[in-house]
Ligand SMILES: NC(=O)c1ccc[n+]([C@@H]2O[C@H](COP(=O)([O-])OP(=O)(O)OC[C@H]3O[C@@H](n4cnc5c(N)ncnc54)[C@H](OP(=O)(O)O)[C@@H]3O)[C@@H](O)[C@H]2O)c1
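A lone chain, given as structure tokens: the form predicted on its own.
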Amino acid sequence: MSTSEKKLTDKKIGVIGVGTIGGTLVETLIRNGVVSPDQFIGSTSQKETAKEVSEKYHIEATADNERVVEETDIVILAVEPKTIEGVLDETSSNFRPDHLVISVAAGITTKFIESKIDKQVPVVRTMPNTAIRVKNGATVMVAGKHAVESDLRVTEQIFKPVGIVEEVRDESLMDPITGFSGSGPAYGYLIIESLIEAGVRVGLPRDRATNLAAQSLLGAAKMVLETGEHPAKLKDMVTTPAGVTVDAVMKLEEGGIRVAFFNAIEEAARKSERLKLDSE
């Protein structure tokens, strides 16, 4: 039985780069009983931070990336795109064909990772967003050349406890996805911030405006996900004839809100594409 065919509870998991994303995965998987602390070994760039990680998550931690690869079955590459090449050069010879490599690095293709590893190791590229910290993230995954269905299912087991998981077959979609849902929380925060400032301007206390703005967006998102209705239809349910909301929506349209989002996401997708070109 290959490593990728086993249950997640049978695996030793290495996390290279226990930062925001890596640390969140470790913490959430342990807290939800998906993986036990003794199944993890993580790495950071410094011995001091490795000690902090060990104390915070109660896992084994080190500054030795090669050791992480040698002692695990699954390796999660949770480092920044600009450092992933150095990490792979350092650890390439330590991988085994029965490893599973999961990358969360924006813009870095499975082809690039595969080219840096000496053996034919299955690679799954993922793009989670930071909302995994509150178990409401969105993660998209795509299989590399050597990855099979069971590798995707293992990857899904890792990310499902922190939100929804979607799969694509065409890796070229990962750049638009990076600029769309990978960066998505930032767009939501900007909307919430704008609503807060508008609320303050019309007389609401800032703390009250913050709660109402955030809850309004949370409620709208849940309505889309749980009803299955098109957002336009749900919007029409709120915008009654000659009512308050329709005038507000018209002002947003006059301000070019749709075009602003189109331009922003296209630019983010292009930036992800440039990261990919720099890595190959």
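Since this is a predicted model, take the numbers as computed values, not measurements. Residue numbers here begin at 1 and follow the sequence given.
What comes next is about the form predicted together with the named molecule, which is not displayed.
Student: Heavy atoms within 4.5 Å of the named molecule in the model of the complex: does T49 have any?
Tutor: T49 belongs to the contact set for the named molecule.
Student: Consider G14 of the chain shown here, and say whether it contacts the named molecule in the model of the complex, taking contact as heavy atoms within 4.5 Å.
Tutor: G14: no contact with the named molecule in the model of the complex.
Student: Answer with yes or no whether G256 is in contact with the named molecule in the model of the complex, where contact means some heavy atom within 4.5 Å.
Tutor: Output for G256 is no: heavy atoms all beyond 4.5 Å of the named molecule.
Student: So in the model of the complex, is the named molecule close enough to T239 to count as touching (4.5 Å, heavy atoms)?
Tutor: So T239 does not count as contacting the named molecule.
Student: Based on heavy atom distances of at most 4.5 Å to the named molecule in the model of the complex, which listed stretch, 36-44, 239-247, 209-217, 226-234, is the contact stretch?
Tutor: Contact criterion met by 36-44 only.
Student: Could you tell me which one of V162, A147, V87, V142 places a heavy atom within 4.5 Å of the named molecule in the model of the complex?
Tutor: Exactly one residue meets the criterion: V87.
Student: Taking 4.5 Å between heavy atoms as the contact cutoff, choose which of S172, T83, S93, S115 touches the named molecule in the model of the complex.
Tutor: Selected residue: T83.
Student: Are there residues in 125-147 with a heavy atom within 4.5 Å of the named molecule in the model of the complex, and which are they, in order?
Tutor: Result: M127, P128, N129, T130.
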